[in-house]
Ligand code: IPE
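We begin with a single chain expressed as structure tokens, specifically the form predicted alone.
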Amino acid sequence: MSLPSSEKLPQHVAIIMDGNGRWAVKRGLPRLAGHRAGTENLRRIIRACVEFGVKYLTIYAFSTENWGRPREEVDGLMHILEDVIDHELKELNQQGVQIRHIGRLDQLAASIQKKVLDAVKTTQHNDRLVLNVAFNYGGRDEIVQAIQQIIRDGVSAEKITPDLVSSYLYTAGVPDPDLIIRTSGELRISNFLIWQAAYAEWFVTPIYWPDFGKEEFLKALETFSNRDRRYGKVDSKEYEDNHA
């Protein structure tokens, strides 16, 4: 398996990192052990993105619905986020990774908010890879907040366009995802990038996230390179052939 040519690579890859808990339970481990293993794997995938030339990576780390999980698990996920920032920020910065947060910060502890904002500021001028961390993120909530801000800004109904709405989203200035990967085999969007994913290609694998390594990532990229993206249109050659 070889890396597709640069013109066939997705510019923006988004990942629903699913299956950490099930990976752990399958091994007789606590669910948090799966989340830590998933964090270790994320390091490998970030390095692969830098190596392969992917310019944007968005990861679904914690949804607005995840607050409904057991308190111990939620607290553990918050601790993992802090731990990752404390121990990975220096290397990510050296690799040229720009960290962006998408989602709500106001529900997070003040100490976590500060660390997230510091990581964003520290890496803001890096341009080798833009890493969007969707933490306390929900697609519906994102759209609702965008609409609310549009109204507060006094924008008239006639001036509301898809481009304007996009400019009010957390991902403003970032191209929509070309490829969305979901691990663990589940076939649902899970409130992730609802607006941005309108024409994204999907790659779903039964592999749990901690085991989704570089080779499987390369397989996803290769699968994407063979897709015919039409954006709701018809391929001109196919149309001509069928109407000859």
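So that there is no doubt, residue numbering starts at 1 and follows the sequence shown. Just so it is clear, the model here is predicted, and its values are computed rather than measured.
Keep in mind the form predicted together with the named molecule is missing from the figure; the text below concerns it.
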### Task
Sort through Glu88, Glu73, Glu82, Asp118 and report the residue having a heavy atom within 4.5 Å of the named molecule in the predicted complex.
Glu73
#### Entry: Among the candidates Lys219, Lys55, Arg31, Arg44, the residue which, in the predicted complex, approaches the named molecule to within 4.5 Å (heavy atoms)
Arg31
### Query
Even though the named molecule is not shown here, does Arg22 get within 4.5 Å of it in the predicted complex, heavy atoms only?
yes
### Message
Can you work out whether Tyr60 and the named molecule are in contact in the predicted complex, taking contact to mean some heavy atom pair no more than 4.5 Å apart?
### Response
yes
### Query
Taking heavy atoms and a 4.5 Å cut-off, does Ile102 contact the named molecule in the predicted complex?
no
### Task
Evaluate Lys26 for contact with the named molecule in the predicted complex, applying a 4.5 angstroms cut-off between non-hydrogen atoms, and reply yes or no.
no
### Query
Among 211-219, 171-179, 185-193, 44-52, which stretch has residues with heavy atoms no more than 4.5 Å from the named molecule in the predicted complex?
185-193
### Task
Would you give me the residues of 124-142 that have any heavy atom within 4.5 Å of the named molecule in the predicted complex, in order from first to last?
none
